[in-house]
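Only one chain is given next, in C-alpha cells, and it is the form predicted alone.
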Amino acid sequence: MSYSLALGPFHPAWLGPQRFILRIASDRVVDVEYQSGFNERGCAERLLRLPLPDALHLVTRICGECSFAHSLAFCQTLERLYRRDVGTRAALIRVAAAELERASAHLRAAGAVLHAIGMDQRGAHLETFSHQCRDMLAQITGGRIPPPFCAPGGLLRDLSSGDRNDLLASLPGISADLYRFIDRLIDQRLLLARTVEVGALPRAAAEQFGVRGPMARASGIRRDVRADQPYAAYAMLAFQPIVQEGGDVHARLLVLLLEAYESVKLVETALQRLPEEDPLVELPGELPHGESSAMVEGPRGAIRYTVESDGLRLTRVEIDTPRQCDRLLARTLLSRAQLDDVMAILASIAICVACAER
C-alpha cells in the first residue's frame, strides 16, 4: 500500500513555514517533495534604505534564534569598513552572548529530537536548560531575543558587575547539571535504537551539499569559523570544534548537546576574564567608501555579511547563511527511512527558514 503524507507548512519540529510531501510505501519513505519560499522578506535589499540604527535593529530580527549572530556578523563587517578595533571587554562579552544564544538554540533542537522519539521527559529537561540560557542572554543583552547590542567598535550596553556576578554564580551549576544529563542520556538503549544509522548524511554528501555548522561537524567535517578564522575573543579561549563521524541522528544529537555544554563553559571563562574598561561606543554618523566582509559561526553554521558603501550610504548588502533544507537534501536524509523516524530526522537538522528566506 502506498500513499502521500503532507507535513507543514507549520509544525513544532521546525521553525518557519515549509512543507514536506512524503510518498510512503510499506511504511517507508520512497520519495520527498519539499516546498519553501513562504517567508521571503528581502532583508538585504531593505538594509540599503535604512539609516544605521534602523539597519542594526533589522539584522537582529532576521532570525529569532540567530539574532545576535546576525548582529555580530553585520557589526564586524562594518568594523572592517570603518577600520575600528574592538576592546577586550567588548570582545569577551560578545563571545558570552554568542555562546548563550548557541547553547539555547542547540538545546531546543536536541529537545525536539528527544520529543520526536518519545523521550518527552528528557526533552522537557533540555527545554528548561534552553530557557535558562535565554534568560542569561537577556541579562547580558537586554532581551531574550537580543535588541541591538553590538555597535561598530564595541557595544551599546555594558554588563553590570551585579549581573556578571549573578551569571558566574549560576553557570557552574548549569554546566554540571547539563554534563550529568548528557552522561546519562547518550547510552540509553531507546536513544541508540531510534537514532543510530537513522537519517545518515555521509561526509561526501555533506561536502557536496555544502552544509555548515553542527550538521557538517556531525558528518566528520572539522569546520568552524570560531577555530578556523577566530574573531571576537575566541583566540583567547583555546576553542576546539566538536566533531562526530556518524552523520546520523545520533551524531547530530551528540554534536548539539556537546556544543551546548562547551558553550556554557566558554561563557563562564569569558566572564571570568573581563577586564575593567569601557566597551561602550557611539554609533558613527557617516559611512566610509569601500567594501568589506566578515563571517561568524552562528548556531546553524557560518553567517557571512558583505557590504559596499559609496561614502554616503550602503549600496550593496549580501547575507550568506547556512544551507537549511531543500529537495535534494531532504531526499538524501529521508529516502528509505521508516515513517516513525521522519520527525526525529527533521528535528535533528534543526531546520529554520528565517535565515534561508531572509
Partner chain sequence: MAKRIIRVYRFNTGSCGGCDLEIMAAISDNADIAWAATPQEADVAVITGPLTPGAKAALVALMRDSGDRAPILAVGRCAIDGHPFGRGGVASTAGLVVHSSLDGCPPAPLQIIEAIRRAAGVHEEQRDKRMTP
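Numbering follows the first chain given and starts at 1. Treat the numbers as computed from the prediction; the structure is a model and nothing was measured.
The discussion below concerns the form predicted in complex with the partner chain, not included here.
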Thinking of the partner chain in the predicted bound form, which stretch from 329 to 337, 38 to 46, 309 to 317, 286 to 294 has heavy atoms inside 4.5 Å of it?
38 to 46
Using a 4.5 Å cut on heavy atoms, which of R180, R203, H131, R222 is close to the partner chain in the predicted bound form?
H131
Only one of R226, R212, R194, R108 gets a heavy atom within 4.5 Å of the partner chain in the predicted bound form. Which one?
R108
Mark L52 yes when one of its heavy atoms lies within 4.5 Å of a heavy atom of the partner chain in the predicted bound form, and no otherwise.
no
Heavy atoms within 4.5 Å of the partner chain in the predicted bound form: does L15 have any?
yes
Residue contact check: I62 to the partner chain in the predicted bound form, 4.5 Å heavy atom
yes
Is the gap between V32 and the partner chain in the predicted bound form 4.5 Å or less for some heavy atom pair?
no
All of R164, K265 and D278 within 4.5 Å of the partner chain in the predicted bound form, heavy atom check:
no
